[in-house]
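This document starts with one chain, in the form predicted alone, laid out as structure tokens.
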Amino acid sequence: MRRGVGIALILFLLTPWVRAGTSDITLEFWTISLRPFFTDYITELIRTYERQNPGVRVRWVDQPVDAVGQKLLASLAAGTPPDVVNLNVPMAAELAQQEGLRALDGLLRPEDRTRYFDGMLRSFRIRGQIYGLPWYVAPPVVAYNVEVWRRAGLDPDRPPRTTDELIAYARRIKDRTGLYGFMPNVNGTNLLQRFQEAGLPVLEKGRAVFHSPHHVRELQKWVQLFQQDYFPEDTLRRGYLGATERYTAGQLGMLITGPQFLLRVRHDNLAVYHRTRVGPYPLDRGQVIHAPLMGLSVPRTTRHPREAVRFALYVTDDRNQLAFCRIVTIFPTARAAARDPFFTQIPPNPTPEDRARILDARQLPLARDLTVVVPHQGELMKAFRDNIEAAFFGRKTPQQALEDAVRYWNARL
């Protein structure tokens, strides 16, 4: 430990841009809703950094998730932004398009880039430049009720590996038990992510292209399942919340979820928890998994861009990510952290959470944040959502719904 700190200090002193002057500066670091549960972790993280970097102080400000966007815009307008800010991909993309963030490409060394999973770093590549460093992620798994599966004649040791198998299992559960097999994540704008997981593009050269015959067949597949009553109506109205409630009540065969949800099952219904197993996220033709991603960005008007990037690299390094993952059910964006035995070795008498941790870690190379970010975001997403709902409820054909949505998008893009 002492030797490691010593090496870090030597590297610090030898780095040209650090020698250029980091004495007596204060970096303001914004996180999102980490107090009070992770106060000890963040406080120790900062304390260690300050010990390793004499002359640098870090002021930590934790913002509530529903206010961080407005507060950041206000601070940018006032010329008092934080130096490092925790943002998800949609937030970072929107601010980058508004010229509120600094592109990090010129501030990163090649070895800085390769420490992260490529897909996650690319999630922060906006208009060809990097606007954030990946911090943590929570890819989904499929949780399933083995009692429901046995009633349906399914083998609990063979979870679905593909989207087609997932659908076949859901049909069988409904046909043989009367319970719904799943509530697929196709409500609202989630279908844009489904398209990408199916290997279908959403935008090409800045134009909407999600109305090809392949896209129409993809939407038609889900519309038919809905109209044939293979997933319930509240899938479209309540989405993930409705799915978690049905699963916890023992009324759903499978649930696509983050591993952290298993803790809720254990808390709310221990009997269902004991019947729960987990499998890997079923893949589609795109061989990619949508996983909401958190990162660290640097506002454009920070007075200390190099020091801010250096601190962001420290927060997201292998050791600090691993320490964070050990205290909360999240996953690292750094390749080396994901190779730790914590993510590769199943302990004796594993819980569903233990199994989910190992399964999710194996799929990290496929994880990306597939959120589509476009100008006039709210308006275009509403147009997409309205058209998709029209298709599900029979007011438009899938082809007409997608063509209308694409026409609307391209008139505004």
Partner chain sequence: MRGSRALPLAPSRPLLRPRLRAALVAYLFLAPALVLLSAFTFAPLAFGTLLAFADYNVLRPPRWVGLENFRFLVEDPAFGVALRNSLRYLLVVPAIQLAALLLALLVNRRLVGILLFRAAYYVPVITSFAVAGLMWNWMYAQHGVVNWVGLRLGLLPRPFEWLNHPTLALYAVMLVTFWKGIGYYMVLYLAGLQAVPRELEEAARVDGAGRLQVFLFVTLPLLRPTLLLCTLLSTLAALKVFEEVYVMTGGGPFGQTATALLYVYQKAFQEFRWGLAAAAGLLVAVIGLLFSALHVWVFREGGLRPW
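Positions refer to the first chain, counted from 1. All values derive from a computational prediction rather than experimental measurement.
One more form of this protein exists, namely the form predicted together with the partner chain; it is left out here, but the text below deals with it.
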inquiry  = Only one of these stretches, 48 to 56, 372 to 380, 31 to 39, 349 to 357, has heavy atoms within 4.5 Å of the partner chain in the model of the complex; which one is it?
reply    = 372 to 380
remark   = Note: exactly one of Glu245, Asp340, Asp317, Glu165 sits with a heavy atom within 4.5 Å of the partner chain in the model of the complex, namely Glu245
inquiry  = Give me the residue from Asp155, Glu99, Glu111, Asp175 that has a heavy atom within 4.5 Å of the partner chain in the model of the complex.
reply    = Glu99
query = Does each of Tyr131, Arg303 and Arg362 have at least one heavy atom within 4.5 Å of the partner chain in the model of the complex?
reply = no
message = Can you tell me whether Ala390 touches the partner chain? I mean in the model of the complex, with a 4.5 angstroms heavy atom cut-off.
response = yes
task = Classify Asp234 as contacting or not contacting the partner chain in the model of the complex by the rule of any non-hydrogen atom within 4.5 angstroms, answering yes or no.
result = yes
request  = Verify the contact flag for Gln70: yes if a non-hydrogen atom of it lies within 4.5 Å of a non-hydrogen atom of the partner chain in the model of the complex, no if not.
outcome  = yes
ask   = Is Arg125 close enough to the partner chain in the model of the complex to count, meaning some heavy atom within 4.5 Å?
value = no
task = Sequence order please: the residues of 70 to 94 with a heavy atom within 4.5 Å of the partner chain in the model of the complex.
result = Gln70, Leu73, Leu76, Ala77, Glu94
